[in-house]
Ligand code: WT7
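The chain below stands alone, shown as structure tokens; this is the form predicted on its own.
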């Protein structure tokens, strides 16, 4: 974020207190909760854990051996029991858990009773194939009900799930399967993408061919005869064949609070994705309680998080958090502008959605498409709005407030990460006066700070590095199979402080303003993309000698990917070659990683010591005046890149 953008952000002085009516009915409306939680956070989190059902009590709330934490030590539980059986036993079996809306217009309703039966049946199917406690299962699927069933079935029997976003390439899938040493892959024959069928099984076949730990592949028939699906005899099984003859009762496996629940991979600055490891007890408490607090979930709410379950937002706030609160949710397969740009608002009206959680990328797209689309539909059911994935600019916040929320809905702007497991910073909608663009303050029990290079707290009005000073229940426990990388990435910059990788400012009221990444991670449409990964994919092309990648500001996506490439001698930097390299990156990593712009350079701008000057590349990609070029080995290099930029944007 540029200094000018930061200054504009911090000049924001509009405030929006919660209405008296909202505060009166809110799940949390006692300001004293912050002070009580800060006075004894361990006791505070123990109090929250007691709201769930445990098979055996814990002997110790927190064992903290920095940087490693164990929560609810010795406690035994099963997360799916708390998500499903607990509510069915309380007489809520007929309550809708999910309204599923498929892209071509398919629909399905899953009650808590029917979901419990589906989960138990598939759990028995997994057992039949030899999956047991401690095994890993990779899920590579579209947004279909079987994805939720699969992840809960894994948790039911104590197998850890590793979900890979269905838009990722075979190479990305292969890398994650190999790192997790998954025994089984569950996929779909294909998925719908803007009305077109996309094969997932073929991608899975390509990945599994180089992943020797995989014994079985289970295939959900989403597209049927609309797509060709080759099956490998002995290895591949259709979903219906796996569950045939299986009982719809499966006793929940007793899990230690610290047993692995899932692995979810996120981009790393060294290129190789990091397998973020989350355990059962602490994650349950974090995801369950934050859903209740931040979204003010009530028994009659219809809640819709528009994320994909392939990302952590979908884990915590489509599946586990809402189910832990006996919520009724909408699950959507499709795009916000297919078949037209009013698609989301048509769904809000159809299901009478009350709580809506989406990304600033989507909100900025809605703004650009025009007010007429939401105005075609009745959005009066909405009572609370949420934002996730990246900092939201004040203009988008105000549009969301006025056009979607009708100036009556509190907005909860949330900051958290794959690594944190659940929301860390957000308004409490019954308590917090909000400011457009600010995530406001840390939730009760969360010790957030902004520090300088020496790890010292900055005063109000100051900026620096966002850190967490104390452990929290839903924190990652390690990087799967690599404790040293966990130490190096998250705990090495400051002694015993978790460094989130983000910059932040704290205003005079103590509110936090997130300023984006301070490392080599780009935030594209709310998703972390490593510059190193994209650079490696560029160089993987036979004609590329060297590449440098930076993020640039994008009015819709937050950041867009700009690649600067040096070709091998004798290769022509034509428009066709430009397209070819960008397609190559898409094939290697997935469409979300495809560079928006690619520039050819005879040589990349480097210092005399050989270091690539990414600062100058960011200036070029943003169309800014170039900073100091005196340290460049060849100052003329940037002239050709600047000319290419001007030609593209003429």
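This is a predicted model, so every value here is computed, not measured. Numbering follows the first chain given and starts at 1.
Separately, the form predicted in complex with this ligand exists; it is not shown, and the next lines address it.
Enquirer: Tell me, please, which stretch of 323 to 331, 74 to 82, 566 to 574, 513 to 521 lies within 4.5 angstroms of this ligand in the predicted bound form when heavy atoms are compared?
Expert: Every other range fails; the passing one is 513 to 521.
Enquirer: Find the only residue in 337, 111, 393, 418 having a heavy atom within 4.5 Å of this ligand in the predicted bound form.
Expert: Looking at the other structure, the residue within range turns out to be 418.
Enquirer: Which residue, 533, 189, 413, 296, is the contact with this ligand in the predicted bound form, using a 4.5 Å heavy atom cutoff?
Expert: When this ligand is considered in the predicted bound form, the option within 4.5 Å is 413.
Enquirer: Using a 4.5 Å heavy atom cut-off, state whether residue 526 contacts this ligand in the predicted bound form.
Expert: The answer is yes: residue 526 has a heavy atom within 4.5 Å of this ligand.
Enquirer: Could you confirm whether residue 443 comes within 4.5 Å of this ligand in the predicted bound form, counting heavy atoms only?
Expert: No, residue 443 is distant from the partner.
Enquirer: Report whether the minimum heavy atom distance between residue 389 and this ligand in the predicted bound form is within 4.5 Å.
Expert: It does: once this ligand is placed as it appears in the predicted bound form, residue 389 has a heavy atom within 4.5 Å of it.
Enquirer: Counting only non-hydrogen atoms and a 4.5 angstroms cut-off, does residue 313 reach this ligand in the predicted bound form?
Expert: Contact check for residue 313: yes, within 4.5 Å of this ligand in the predicted bound form.
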